[in-house]
Structure formats: structure tokens, C-alpha cells
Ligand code: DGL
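Quick heads-up: it's one chain on its own, the form predicted on its own, in C-alpha cells.
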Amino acid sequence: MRPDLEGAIGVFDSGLGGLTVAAALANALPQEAMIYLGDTARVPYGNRSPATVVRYARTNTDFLLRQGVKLVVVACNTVSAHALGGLAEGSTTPVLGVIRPGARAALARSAGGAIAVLGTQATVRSDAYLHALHELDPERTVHQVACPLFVPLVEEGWLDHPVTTLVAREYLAPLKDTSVDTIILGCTHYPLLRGVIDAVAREVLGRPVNLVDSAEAVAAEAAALLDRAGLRTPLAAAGAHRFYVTDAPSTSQRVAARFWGGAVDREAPLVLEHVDVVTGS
């Protein structure tokens, strides 16, 4: 069955970090309705096995498809690295990940220097960004850095804390004396640390660098994909959004507001609804 023009855009992530991608989509496509699913019951995915990530991703995708979405955006870098293939099997609904758009954006921003990828352990182990970058530019030097502590620091709200700066210095130290001119923020949490990462990168490398957030690149590709498929909702009133989580700890609303940010001008507040899609851990 062909996706419905009136359907929403479905977005999921392992937690609430994907709201940075959702916000970029809402800004780029204000007329589109959106359904967001944050799998807060099983976050983080970054230290899970590929088989487990695939299983989680399929349950999340199935939930969104049951809502009649016309596009699934996988906001999770770990899922994009391991589980894009076959997510919408049996459906004509397109699926868009964050890695290829991020790789294309990084190469467009780079002046020819090396590209660094900051990501979770699972994303780095997968070499997904490395492969995507080398498909486009086989000769480009790529440095991958696993930064597992960045996620809990963001969740804690330590966006400009001295401890965060110390951790960033430790992670970025191996980039010293490299030709890196562009850094991909390869996790949906990391854009909230843009200030710290930018300052530490300048300190380590001794020069400014480009920081690439995949969210804006994904939003642009989503718009182009909907246009090609004839699925763009005509510009009219702002689309309605629904936000679901698989578990709702007391901090969820505060953390969600941080990721959604003030970038999207909405009168209606962000309200998280609980839904049970968990079929095992």
C-alpha cells in the first residue's frame, strides 16, 4: 500500500536525543505532522549487540507503521549503523537514517582535510560513517572517536560543566597533530555539547573546525524525499505532533524539553505519552 499523503512523519531514537532531529524536521517542514517515539525503557543502544539493536529497531518501526506514518526517520546513529535494512519490510514506507546525510554534509563543509567522527561505541565499531564517507571520497582520511560519557553528561544537564570539558579534552586529544577540519557529531545527544566540543577542538587542533550536526542534513533530505514521492503536505496550518516514550522516569519531561529546545515556536507544550512497545530486552 502506498503511504498516505496525510500521514505523519515518524521519528524514533533510543531515547530523547532524537528530539534534536525532530526539531530540525519541524523547522524545515512546519506543515507536516510528526510522531516521535523515544525508547527510554531500553536506552542506551550504544553498548548493545548488533542483533539486539536490530530487534529493538524493528519493534519501534512496527509501532510507527501502525500509526500510518508516510516516512520513518531513524534518528538513532546506532540503529542507522546496524539496522536500516529491512526495517520497513513488507511496506512501501521509506526509511531515512542519519549517517549518509551526515557524511554528505561533512564532505560538503570540509576544505579537504581529515574528518573526525564522534560517536557511541557501537557506532564507531560499526565503521558506518567510515564506509559512508569512503563511498563518496575513497581517499579521505577519517578518524573515529568513541565518546560514551557524553550521553550521560547531557542527560545530567552538564552541558558546560568543567567535568564535561575535561572529558572532551580526553576524547579529542588523539586528534592533535592531525589535519582534521570537520567533526561529525555522530550521536543525537552531542549537539547539546557543541559549545564545549568546539572550544576543546580549537584548543587541541589550534584552529577552528566545522562541526556537523546530522539533524539539519536529515531534515533537508526528508523534504527532498517527500517531494520526489509526492508526499509533501501542502503548506497550511502547522502540523500536529505527538511524543511517545516507552518508559517515563521523572526526569523525562525536563530532558525532552532540553532536546526539543526553543528552536520550534509552538504554542502547545511538549507532552510525553507512555506506550508499551517493549517485547523483551
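As the structure is a computational prediction, the values presented were derived from the model and not from experiment. Residues carry their position along the shown sequence, with the first being 1.
As for the form predicted in complex with the named molecule, it is not shown, yet the points below apply to it.
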{"property": "Residue contact check: residue 43 to the named molecule in the predicted complex, 4.5 Å heavy atom", "result": "yes"}
{"property": "Contact test in the predicted complex: residue 151 vs the named molecule, heavy atoms, 4.5 Å", "result": "yes"}
{"property": "Touches the named molecule in the predicted complex: residue 76 (any heavy atom, 4.5 Å)", "result": "yes"}
{"property": "Partner contact for residue 187 in the predicted complex: the named molecule, 4.5 angstroms, heavy atom", "result": "yes"}
{"property": "Stretch in contact in the predicted complex with the named molecule, which is absent here, among 161-169, 77-85, 174-182, 194-202 (heavy atoms within 4.5 Å)", "result": "77-85"}
{"property": "Contacts with the named molecule in the predicted complex - residues in 193-214 whose heavy atoms fall within 4.5 Å", "result": "none"}
